[in-house]
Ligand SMILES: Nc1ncnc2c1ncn2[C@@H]1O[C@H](COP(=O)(O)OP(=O)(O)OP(=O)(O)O)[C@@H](O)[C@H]1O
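Read the single chain below, which is given as structure tokens and is the form predicted on its own.
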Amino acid sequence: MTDSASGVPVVQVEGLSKSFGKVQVLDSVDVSIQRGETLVVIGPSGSGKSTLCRTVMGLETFSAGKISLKGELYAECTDGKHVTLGSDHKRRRLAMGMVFQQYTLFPQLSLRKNVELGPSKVLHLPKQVVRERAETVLARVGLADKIDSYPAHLSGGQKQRAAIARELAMDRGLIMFDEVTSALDPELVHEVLQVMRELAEAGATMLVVTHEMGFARNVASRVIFMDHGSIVESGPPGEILDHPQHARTRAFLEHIMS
């Protein structure tokens, strides 16, 4: 998904803007994500964090800007209305995955079948490869003993780890996490963050929207603070969290850490 030798970003977002009616939710956002980077996005509710993820994923349209994947156009809008899709758009779309706040597992399927579905139906991999891949990724997130269980029999943390396993099974070049611990009981948050930490340590490329400042401090390669649809400032986690330059960043951190 990225040519590390050339330094081409996995994802390059340039001048990305989006409105819901008269509300500007993304305002000329520029951001890039390098291979192996864990980019953490923080900011107050309504600042555009989730919309940024959904727009990059192709789940939302946009009114200006462009998105490139590995240096090639993925989507672009120059007239405020019509988004032009780059060549081989569908294949490039498969190179990105997203884990949502809600687990979005199929309740009628076992964990094995939930994880096997994408590699089988979308990637059209051989049955044995699909089976082995499901077993491998479920073991990786600590759910080997739950492989034949159904979502209704799992805790929230286990469901979220299963959702992560499902994206791992698709061999994504980039995985985005949209506040994946926000719906969990506090005692279950750690198990999900631990899986994400291990992915980061293994070199996965991730875009993480979170309010978990400990994760941002200890795992992020870079931290971005967003407010009112714009990137206010970005930099190494120690710089942003301990020495923010902008008053809005300071006010947000004082509030969330108080």
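Counting begins at 1, following the sequence as shown. As the structure is a computational prediction, the values presented were derived from the model and not from experiment.
This next part talks about the form predicted together with the ligand, which is not shown.
Engineer: With the ligand left out of view, which of H190, H211, R197, R217 would have a heavy atom within 4.5 Å of it in the model of the complex?
Structural biologist: The residue in contact is H211.
Engineer: Please determine, with the chain shown alone, which of 28 to 36, 62 to 70, 200 to 208, 46 to 54 has non-hydrogen atoms within 4.5 Å of the ligand in the model of the complex.
Structural biologist: Of the options given, it is 46 to 54.
Engineer: Is E116 close enough to touch the ligand in the model of the complex, meaning at least one heavy atom pair within 4.5 Å?
Structural biologist: No, E116 sits far enough from the ligand in the model of the complex that none of its heavy atoms falls within 4.5 Å.
Engineer: Looking in the model of the complex, any heavy atom of E179 within 4.5 Å of the ligand?
Structural biologist: E179 belongs to the contact set for the ligand.
Engineer: Could you pull out the residues of 98 to 134 that have any heavy atom within 4.5 Å of the ligand in the model of the complex?
Structural biologist: Not one residue comes within 4.5 Å of the partner.
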